[in-house]
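Only one chain comes next, encoded as structure tokens, the form predicted on its own.
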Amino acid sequence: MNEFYYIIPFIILAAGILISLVIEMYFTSSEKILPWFSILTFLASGFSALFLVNNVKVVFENMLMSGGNVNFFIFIFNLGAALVTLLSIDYIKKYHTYYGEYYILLMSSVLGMSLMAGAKDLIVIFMGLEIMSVCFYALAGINRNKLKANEASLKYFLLGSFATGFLVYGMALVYGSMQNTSLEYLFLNFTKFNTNILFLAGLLFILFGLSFKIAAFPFHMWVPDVYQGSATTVSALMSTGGKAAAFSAIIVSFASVLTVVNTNVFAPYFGAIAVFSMLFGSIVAIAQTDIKRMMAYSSIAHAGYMTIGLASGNSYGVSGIIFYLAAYTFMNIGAFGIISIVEGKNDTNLTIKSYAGLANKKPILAGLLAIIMFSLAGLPPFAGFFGKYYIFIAAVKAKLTWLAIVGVISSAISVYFYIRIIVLMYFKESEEDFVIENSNTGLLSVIIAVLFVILLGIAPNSVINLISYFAK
């Protein structure tokens, strides 16, 4: 019975999903009840995870872990999803596409993310990944009357299934090599199996499958079309929670490689995809005219920055990735939140030119977006700067200074397309005459996200010290 105490955040989410199903079936006013009930569920799960952060425990026959950085991840997932739910209240009214399953799918996807973060067995990683992915496939095409949404859903499903094939095949090879699916067993016996070609090939296939979910080059093909075609609020969740969950799975799967073994055998792989993701994402983003596609390529570049932490193969890299993911979650939800507010019906106002003169129309929105863009560009004193700083420090400590230098160059390139938005908002006159509908819940969500971006920039040491304490 004591085991259930440690998984209270999971239980709250699961109970919330079941209660939401009942609300949707039996209450005629479920459209008004479900979003607020979902937010309450997310906050209860997230803050219970923080409350139990010191209670590190492996439960259910060593298959699931709670406490420490697992709970930190769960807090990020839940708080991010709560902000996305706030954004969604007014956003889905624009397209008249309220479906009760929308909020249920949001909660289910977060449950899948939480399982991935807490997994101590390869089977649990697979189960969490599939719960999250199936929800994302449905959410991408939730607006059934929109052709681009149907296309996004189908592309994501087909390519996602292909990536899952890599993951399952990799797990089969690992199991065949060590006759066990326990990550604890892998952690303790990595040096025993690291000369086994099939074992290393299995881990590499697992990496391929998870690289798809973090949107790293060359597994990025789905990202621009899916982010553009999906509902903007769904893109916000996929680009933050989905990415964070995949990184958490990589961290728990490769803990032995990243923190115990002297030689990181996968450093060349991590280094290569980091370089290509950073440069490809930053350079191609410059050419984009649609702001959601620009954010998609930006997401690829940020996946590259975080992968530097994996290439570093030390505890500094792991701590840096977790801090970066926290910062990136709030930055991206804030950015996509403002995009969802500015967006008009029938996918209007989504070009970058639509933001010209925004400072005159909506000065508060323009100010919030400016802070987010400065942070995404990695300028101090915001969270984005310290996220990159900790990652680059980890690379230097791992004697991968060249990788940190490439990261700085890529970051300098990305400044152009982020600052371009700010220049348009404050120094260009609007070429399009359109009215931006007010969204109090959407604006509240963005303000909270921006406050976290500023807070993480003001007190980064407090957060990184907490993360580092549990990463030991």
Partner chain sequence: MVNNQLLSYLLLTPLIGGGLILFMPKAKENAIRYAGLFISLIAFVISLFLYAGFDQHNPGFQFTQKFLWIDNLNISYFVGIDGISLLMLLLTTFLTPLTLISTWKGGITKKIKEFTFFMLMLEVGMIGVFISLDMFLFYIFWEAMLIPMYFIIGVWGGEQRIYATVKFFIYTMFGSLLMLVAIIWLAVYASGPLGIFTTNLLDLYKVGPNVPRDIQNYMFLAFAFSFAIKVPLFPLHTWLPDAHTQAPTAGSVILAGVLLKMGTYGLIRFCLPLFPQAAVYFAPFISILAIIGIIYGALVAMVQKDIKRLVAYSSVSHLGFVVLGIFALTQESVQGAVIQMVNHGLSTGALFLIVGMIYERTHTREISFYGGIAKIVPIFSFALMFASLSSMGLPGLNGFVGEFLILIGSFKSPVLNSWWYTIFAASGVIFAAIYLLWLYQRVVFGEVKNPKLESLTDLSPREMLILVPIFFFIVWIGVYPSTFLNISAASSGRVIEQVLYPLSSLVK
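Note that this is a predicted model, so its numbers are computed, not measured. Residue numbers count along the first chain shown, from 1.
FYI, the form predicted in complex with its partner chain isn't displayed, but the following is about it.
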item	value
Partner-proximal stretch of 388-396, 235-243, 277-285, 82-90 relative to its partner chain in the predicted complex, 4.5 angstroms, heavy atom	388-396
Contact flag, K32 vs its partner chain in the predicted complex, heavy atom cut 4.5 Å	no
Contact flag, F266 vs its partner chain in the predicted complex, heavy atom cut 4.5 Å	no
Non-hydrogen atom contact F37 with its partner chain in the predicted complex at 4.5 angstroms	no
Contact label in the predicted complex: G344 to its partner chain, heavy atom within 4.5 Å	no
Of T441, S430, S48, S411, the one that lies within 4.5 Å of its partner chain in the predicted complex (heavy atoms)	S411
One residue of T289, N194, T401, T348 in contact with its partner chain, assessed in the predicted complex (non-hydrogen atom, 4.5 angstroms)	T401
Members of 413-433 lying within 4.5 angstroms of its partner chain, judged by heavy atom, in the predicted complex	V415, Y416, I419, I422, V423, Y426, F427, K428
